[in-house]
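First, one chain by itself in structure tokens, the form predicted on its own.
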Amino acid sequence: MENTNNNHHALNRIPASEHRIDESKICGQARHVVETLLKAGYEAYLVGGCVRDLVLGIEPKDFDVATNAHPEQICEHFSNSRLIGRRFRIVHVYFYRNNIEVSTFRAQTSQTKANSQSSTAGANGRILRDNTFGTIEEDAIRRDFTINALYYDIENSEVLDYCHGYQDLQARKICMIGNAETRYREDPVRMLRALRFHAKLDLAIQNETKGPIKPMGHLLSEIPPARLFDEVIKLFHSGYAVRCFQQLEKFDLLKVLFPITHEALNHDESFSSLIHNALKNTDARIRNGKSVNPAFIFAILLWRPYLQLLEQSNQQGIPHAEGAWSSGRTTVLDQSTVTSIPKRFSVTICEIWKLQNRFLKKRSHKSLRLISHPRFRAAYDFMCLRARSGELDEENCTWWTQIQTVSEQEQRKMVDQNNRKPRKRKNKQSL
């Protein structure tokens, strides 16, 4: 391993004989972007999470590129590119069903630069805009964790490490670059990233990096709701949603991200069983390559708060259909003040909730129309999770599972058989 001193950190060049990265796992489109910029005379490297994952032997899902070319210069070399972002100006180079994110090396932001036109920090230390371009070593230092400050030199098959990230990966630990409290103030979302990497990669969080998370968690409330929505989806669609949720509870961040969920959990322990089963199911679907919908996990996390509002609506004598929609909208709006929920998902959430009542009506042939509803599958999965968590009779899930597999004639027989059975008392959590 070669060491080269510079003004900031010593550069460690890790050769292929040591890092043993399987280059067949490098996306061809990312390689094309790097090689195009190199041919144009710029520096260009793979950077961040993709390098981290390659070192760990994991096939990366996304590839990012860092270069000394400025955003406008990058766009000149790719007709299929677009300049995006205000806080960070970056370039997306688009390919079929994929895009490569290309960013310019940035200098470390500090309070002394806060008054410049290209770098702005708020009174609380949070970075509001950061387009101060710099060198690769400055770019490395301004990244969040050492394990994300690795660069891959495709020409020489070397990992470039300015912040001891390679050693930290070997030691399986997550360390903040610089003072953790200062870096969390600059961008509180780094706290969520630390917990996600811990859960996903099974790396220990260094004490100095972990210590400030609980006392500084309240800073997340200052992050725009739209950005927090994206971060929450990353947590719960990481394939390690159960672990991520446990970490949110451990560090008191659940009450910041989902205050009404946190409150409901304090008053209803059985709610945790439903959430755990849903997150476990989501993890299994992702591992098996199945699709997942953000609306579903939000419907689970907000279910009890919704039920509480619906019960109040019923007590006021409001018709069920009207109460279900109004309670659903209110619940979603309450959560949206913290994590925004796009309309396409909020409508699905409310439909999943409203359909739960129809699963209890199995004595009328009209109930069979539910199977053709566009949200049937999501609502059915939701209902089965409720049954698995002890909220409904398992027989209810079994009946709706079976009726999907038989002919229309057999479906009608099943409904008729229900009419000959004595009526059962409604479950406590029935709608």
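In case it trips you up, residue 1 is the first one in the sequence shown, and so on. Note that this is a predicted model, so its numbers are computed, not measured.
In what follows, reference is made to the form predicted in complex with ligand ATP, a form of this protein that is not presented.
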Listed range touching ligand ATP, judged in the predicted complex by heavy atoms within 4.5 Å, from 296-304, 249-257, 191-199, 357-365:
191-199
Asp64: heavy atom within 4.5 Å of ligand ATP in the predicted complex?
yes
is_contact(Arg227, ligand ATP) in the predicted complex, heavy atom dist at most 4.5 Å:
yes
Does any part of Lys234 reach within 4.5 Å of ligand ATP in the predicted complex? Heavy atoms only, please.
yes
Check Asp53 for me: does it contact ligand ATP in the predicted complex (non-hydrogen atoms, 4.5 angstroms)?
yes
Assert contact residue (ligand ATP, in the predicted complex, non-hydrogen atom within 4.5 Å, options Asp187, Glu158, Asp168, Glu137) equals Asp187
Find the only residue in Arg142, Arg243, Lys210, Lys173 having a heavy atom within 4.5 Å of ligand ATP in the predicted complex.
Arg142
